[in-house]
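Heads up, the chain below is alone and in the form predicted alone; it's given as C-alpha cells.
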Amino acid sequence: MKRFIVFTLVLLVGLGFMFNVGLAADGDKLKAGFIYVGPVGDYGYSQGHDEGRKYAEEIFPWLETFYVENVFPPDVESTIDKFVRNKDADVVFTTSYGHMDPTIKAAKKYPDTVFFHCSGFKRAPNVGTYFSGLYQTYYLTGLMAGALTETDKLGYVGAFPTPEVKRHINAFAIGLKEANPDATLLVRWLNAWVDPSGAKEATEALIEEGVDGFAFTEDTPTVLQTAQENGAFSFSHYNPMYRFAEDAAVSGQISNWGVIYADILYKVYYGVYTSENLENVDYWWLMKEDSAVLGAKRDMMINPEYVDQLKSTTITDPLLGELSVYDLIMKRREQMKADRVTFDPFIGPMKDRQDIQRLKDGEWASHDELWTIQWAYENVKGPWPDEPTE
C-alpha cells in the first residue's frame, strides 16, 4: 500500500505544479465535510469512512475536516446547507446510496462546491462518485468457508437487497462453490444497515437450520459474536472485528477508505479536480488499489487457528492443478492485487440459480454489470427480491 500511495502522491505533486491552480496556489486550507448515514461507533460502514477521514487529515497538514453522523436522506440537503454556509466547505462527501439524489440537488444550489458521492451513479460537473469494492475479498473468504464447513451449509445475513449486497453474496458463493461444490449459501435479509437484534435472530435461525459458518453485510459485529456463542465461524465486514470474537473470526473484508479520500483531496487541493470537471470521475477501487483489504484485523490476514485446516484441504484447479485452499487464496489474492489483474471472481462461464447464462466462457463481468447485479449465483438459497427471470 505504501508503494502505491507514494507513487500516487509524487504523480499528483507533479500535476499540481503543472496546473498551478487550486487552493495550493494560495496556501489556504482545504475544508472537507463528511456526511455519514450511521454512527461513527457502529464498528462497520460509517466507522470505516470516519477512519478514512482521519487518515487523510493526519497526512495532509493543509486539510481541515468535519462530519455529521446519522444523517438519513431527508436531512442530507439541510446538512449540506450548514456545511457550505456555516463552515465554508470546499468539498462535501456524502457516503450512502440514499444520499445520491439530495447530493445532486444540493450540487445545483452550490455550483462552486466540489461534491463526491459514495456508492451512487449520478454525476454532474461538480459531483464525482467513488466506491471501495469488497467483492474480491468476499470471494476469498468464500474459499475459506468452503474448506472449513462441516455441514456444507453457510449463512449470509444481508442488510438490504441492493446490487452491492447481492454482489457480496454472489462473490462469497462463487468462492464457496470453488472450494466445496457441495456447499450451499442460505440468505436472510434484515432490511436495515444497523440492526443488532435482527442480526442475532437471523444468525440463530440459520444455525438451527444447520449452518456452521457466516458472512454478512450489517454494520455491527453481532453475527460474528453470535457465531462464536454457538460454536460457528464467521468473517468480519467493513472493519477489523477480530477483538469481538477471537475464536470465530477467520478473516474478513476491510474497507480502506483512506487511500480514496487521500487521492481525491490531494487532487482537489492541487486543482486537478474542480467544480467544473467531475462529470466523468468515478472511483471503482478494489484490492489492486489497496482499497479492499483481506484480514481478521489489519496485521492478521487469516486467524492462525484456521490456517492448518486451510493448508490441509486440497482442491484441483483447471489451470493451477492440485493445491491447498490456502495456497489458492494466496494465488488469487496475488492475481487480483497485481498491476495487471489476471483474475476476477466474475469470469465466465457462469450461470445463475435459474440456469440462465450470465457470463460466457472467458467473459469478465463489466463494471456496469457488477454495479447493477440482481441475479443469484447457483448455490444461493433463500429469498431474493427483484430476481430477474431472463
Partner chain sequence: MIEAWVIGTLARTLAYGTPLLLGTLGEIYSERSGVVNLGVEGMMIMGAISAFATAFTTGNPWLGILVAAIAGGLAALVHAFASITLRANQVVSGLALTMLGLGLSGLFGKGFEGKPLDSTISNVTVPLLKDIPYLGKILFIDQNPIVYISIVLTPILSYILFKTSIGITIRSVGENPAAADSAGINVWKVRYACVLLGGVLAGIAGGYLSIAYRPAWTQGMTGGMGWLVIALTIFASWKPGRGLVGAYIFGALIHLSYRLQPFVAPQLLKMMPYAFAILALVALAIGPGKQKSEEPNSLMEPYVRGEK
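The shown structure was predicted, so the numbers you read here are calculated from the model rather than taken from an experiment. Residue numbers count along the first chain shown, from 1.
This protein has a second form, the form predicted in complex with its partner chain, left out of what is shown; the following refers to that one.
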Asp112: heavy atom within 4.5 Å of its partner chain in the predicted bound form? no
Using heavy atoms and a 4.5 Å limit, would one call Gly295 a contact residue for its partner chain in the predicted bound form? no
Find out whether any non-hydrogen atom of Ala124 is located within 4.5 angstroms of its partner chain in the predicted bound form, and reply yes or no. no
Test of understanding: in the predicted bound form, would Phe244 fall inside 4.5 Å of its partner chain by heavy atoms? yes
If we test each of Glu209, Asp308, Glu276, Asp88 for a heavy atom within 4.5 Å of its partner chain in the predicted bound form, the one that passes is Glu209
So which of Glu201, Glu289, Glu178, Asp152 gets a non-hydrogen atom within 4.5 Å of its partner chain in the predicted bound form? Glu201
Can you pick the stretch from 141-149, 296-304, 268-276, 192-200 whose heavy atoms fall within 4.5 Å of its partner chain in the predicted bound form? 192-200
Quick one: which residues from 205-244 get a non-hydrogen atom within 4.5 Å of its partner chain in the predicted bound form? Ala205, Glu208, Glu209, Thr220, Pro221, Thr222, Gln225, Glu229, Asn230, Arg243, Phe244
